[in-house]
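Below, in structure tokens: the form predicted on its own, a single chain.
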């Protein structure tokens, strides 16, 4: 609307002398006229000359006095002919007005204060201040001395108005022709390309700066945990096999085939390929025997172990499946002590809520050496978690099918003011290790925890779906700096 008004007016007239008056005449907001004029000037459709006007305008206080009268007149008018006590006068006049008005009225010698009464000294006063403020509102001429006085009282301020005088430019046309940025198939087919005006390329313009990548909070914490393991002399296990067989995920860990965790309600089983075709047969046979009838001073579970159950493929439910493979491979060579760790995804068929997802990350560490004891496990746990800033640890007995003894790990959280479970640990059972072929005096201590829980605590996130999954706010990666490990 503003563009049509400007170009249409210039078609019949040489100039728009004042954009402000033009806006008032056509009923268009002046800011819109200014914006359109800048655009037309850039394309040389018009030539715009700056106009700068300065005028005095009333402040909020000034507008109040222009309506209600100056403070000195308000105070004067509140004094009856017989006089009034100072306390009563203050009650009749607004407190915000009284102090200024009384002082000014005394300065003007309009009133006098006796021992008990305030009384008028003159019979009549003119509200010069109110008149001056009204003149300024009406944009009438006011002498400089009066302007200075009102300015000192902060009743007026100088306002700068900017506008344009507008004339036709070198490329003037009654209607702006929009330049096309692309030559399209429709232009060629319709013949419109003949009259098409293409926008010129600005080869000097800078493009948007490429935005650097941002690490997810899980990756930041994962990197720091990995560094801690490496500092402690651990070697990372390969964890790139999300799909695993039930044998390595359950059976090799001395977990019975009727265990509830192996049910489809807790595990994602694969349809294709549904079974594995490659297992070490001699080791499978030893695992079968220890499950059915025991061995190595164990009674076993006393049930008919089924090979078809062990062959089923699944999404691994823990990275301990990787540990079982690594320990078996270690047993096939002359024994050498090892420290292993892994940090990767595992999958559980769980109902999704604020603290559970169907997939999460598991952190696992294990040490394999001769003559290890529960004391060694507790010592290494204190070393590991102290590097995370968790120095107050407690341990609670627990049960795991493949560790004995087993312990849950708790740390005191200074922010929550309570003990928080942070992981699980234990010593792998002989029924798991000896069938692999490891020497009798070799022991394995291990512990595990999730990656999500410490990350949520470190970043103050109380819903796991805000941290991990398809609904995560990508801004989370940009606004969160690399965290500082330490829960206390």
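Positions refer to the first chain, counted from 1. Please read these numbers as outputs of a predicted model, since none were measured by experiment.
Beyond what is shown, the protein has a form predicted in complex with a small molecule; the following relates to that form.
For the residues 62, 448, 454, 435, the 4.5 Å heavy atom test against the small molecule in the model of the complex is passed only by 448. With the partner omitted from this view, the residue of 348, 176, 387, 167 that lies near the small molecule in the model of the complex is 348 [heavy atom within 4.5 Å]. You can rule out all but one of 216-224, 307-315, 396-404, 410-418: in the model of the complex, only 396-404 has residues with a heavy atom within 4.5 Å of the small molecule. Interface residue remark: residue 362 is counted as part of the site for the small molecule in the model of the complex, having a heavy atom within 4.5 Å.
In the model of the complex, the small molecule lies farther than 4.5 Å from every heavy atom of residue 37.
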